[in-house]
Each structure stands twice: as C-alpha cells, then as structure tokens.
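First, one chain by itself: the form predicted alone, in structure tokens.
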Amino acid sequence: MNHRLLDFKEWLKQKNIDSAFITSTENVFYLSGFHSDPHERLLGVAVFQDAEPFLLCPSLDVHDAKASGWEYEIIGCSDTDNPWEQLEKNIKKRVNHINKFALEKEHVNVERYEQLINRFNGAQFIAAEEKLRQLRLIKDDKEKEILKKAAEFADFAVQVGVNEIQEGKTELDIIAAIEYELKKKGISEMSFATMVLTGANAASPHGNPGLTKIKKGDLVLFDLGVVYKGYCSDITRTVAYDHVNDEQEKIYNIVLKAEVEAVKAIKPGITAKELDNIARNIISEAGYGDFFPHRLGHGLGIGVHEYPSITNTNELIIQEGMVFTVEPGIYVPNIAGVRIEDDVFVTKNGVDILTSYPKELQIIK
C-alpha cells in the first residue's frame, strides 16, 4: 500500500473514523494515482481503518483506473446504475456500522450530502480537507522532479509567447501559438486559462485576454502554467514591446526587487507572513502599496492553487519540501501592469527556484 494511503489510514485510526470517501479529482489522484474528471458522474476513493480501500468510478473509466496502477478493487458504475447504492453496499461490506464518516465538505454538494446522510443514518460527518492539505503540503523528491519539469514547460511557453510578439497581433493570437507549441511537445492541459494581457489590460490582475492588439510601448504580461503528470506549474513574466516610458520601467524594477528579495528570504523557519511583508513593504515604501491588491503567493502541486496561502496574516512556518509561488505585482490603471512569478521548492537551507525564464526587464524589438 502506498505511503499516502497508509498515512491517511493512520489518521482515520487516530480520529476513530470508520470510513472516508474522498471525491475531489485532486485528492482521488493523490491517494490512488488515478487522475480523471468524472464530470457529473461519481468518482471517489473509499478508505478504512483496517479493510482494503476501493475506487468507485464510471464504468467507462475502469480500464484507465487499472492502468494507473491502483491495485485494489475498482467498482465501475454505468450511466444506468445507482452509484450510491454501490457505494453503500461496498462500504457496509467492509464495516458493520458507521459512526464517523470522513468526507471533503468543501467538495460534496448538498445533493450528494443528502445521499450520504440517508445511507449512513446517524453517522457523524468529519471534514477530511485539513488532513489532506497537511499530507499534500510536503512534496517528496519524485514530486519535485515532476514539478521541475512542469516549470520547464512553463518557461518554454513564455519564450514561445515572447517570440510571437509583434505589432498588430492580438492577445488570443499569442495564446493560440503558445498552446499549439505545447501540444506539439505532448502537453494536453494547461493549469488554468492562459493569460496574455497587453497595454491597459495588463493592469487587470485577472484580466480576460481577447482581440486587443499589441502596440509599441505596451507591456505584455504572460501568466500561464501546464499540467505534467498530474502536477501544475504557474509562471508570470512581463516584457515590453519596442520601448518603455520612465514610470513603466520604475514600476517594473520595484516589482522585480520585491520578488527577488522575497525569494532570497525563503528558508525553513520563516513564516508566510514574513515573506509577504518583505515584498509588500518594498512596494509600499515605493509608493505603490495600494496597487498590490493580492497575496504574495499560493501553494502549488496537484492543484494550481493549493495550501498554503502566502499572505501577511498567515503565521504558518515554512518547512522543507513546501512548494509555492512568489508573485508580487503592481497594477496602475492606464499606466502599467507588472507581475513577476516564480515557483519555488523549499530546501533544507533555502530554496530551489523551479522556473528559470529571465526576470530582468526585456524590451522586445
């Protein structure tokens, strides 16, 4: 049995939880190695203190689930089966009576919750999210290797985008080129919708790319990531086309300093709050504090946004093996939008930066 399942089973024993049914795509993958989006169908891993676990999935996914390496029972449900009957039957076959039942309360909707209440009447439902976050928080060497490769694909994607910059091209033109080149390398999925924002659009932290055309003097912001072997990367770079004005260059250099100094400070023992404040203070002291409206970063792994959140209110102590982003930004409407983001892996004595695309201001001619 893999160590992830063993660690989760140990938590069930400690909390005297009879059964757990884990249903989010990310956590099913974490525990089972099977990655699938079941859409409206039911997918989940049932785990017990002592009995063997099972995977419940749509019948059309059974072959892929077996191929993923899951070595325990797989219960396939056709579109005319009632998957909740199958779940109830197979759980009760392993455990006589359910007093405590763990699930992902943030993921289970009301309809599914009612199914569980009706079938396991009288059970106390325990949230499993916090334990799963803690288990996923520290990445091992294999995960680091995968995340590093995902980051390399992100670096490549930014380079493709930069190479495509020319007057008259639209944001979507460049996105199409990036994703086409990635697909040629075997990347079928992005971590999130690829962002290429130019000119005034770059000053919107989560803008929507469209048919805006690149003009000389524009800043062009790339925010993208890929999914590689089930793990995500996330990089942001901002470049200039043809030339920059003095304020654009000033803003860029402030963001660069904030990002570099925050990354340099990363090591086990520092807190998330301290890291956020390092970058935030640099930006605030330069007079742009009101234009840095988001956290410094977020955890990264199977999910592109996962635990922890690197904010100036989070006292979490940074530990070896954590992976997260560092992404300060300044967004001044109609003047400039600049964000610089790296993916970092915390080592015993400091940090390894997984993304490596150059951060110094580039002016693309």
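The structure presented is a predicted model; accordingly, all values stated were derived computationally and were not measured. Counting begins at 1, following the sequence as shown.
The same protein also exists as the form predicted together with a further copy of the same chain; that form is not shown, yet it is the one meant from here on.
Every residue of the trio Glu111, Asp173 and Gly186 has some heavy atom no more than 4.5 Å from a further copy of the same chain in the predicted complex.
In plain terms, the part of the chain that comes close to a further copy of the same chain in the predicted complex, with a heavy atom within 4.5 Å, is 165-173 out of 245-253, 136-144, 165-173, 286-294. Of the candidates His97, Lys215, Lys105, Lys229, Lys105 is the one whose heavy atoms come within 4.5 Å of a further copy of the same chain in the predicted complex; the others do not.
Think of it this way: in the predicted complex, a further copy of the same chain has a heavy atom of just one of Val260, Ala123, Ala177, Ala200 within 4.5 Å, and the residue is Ala177.
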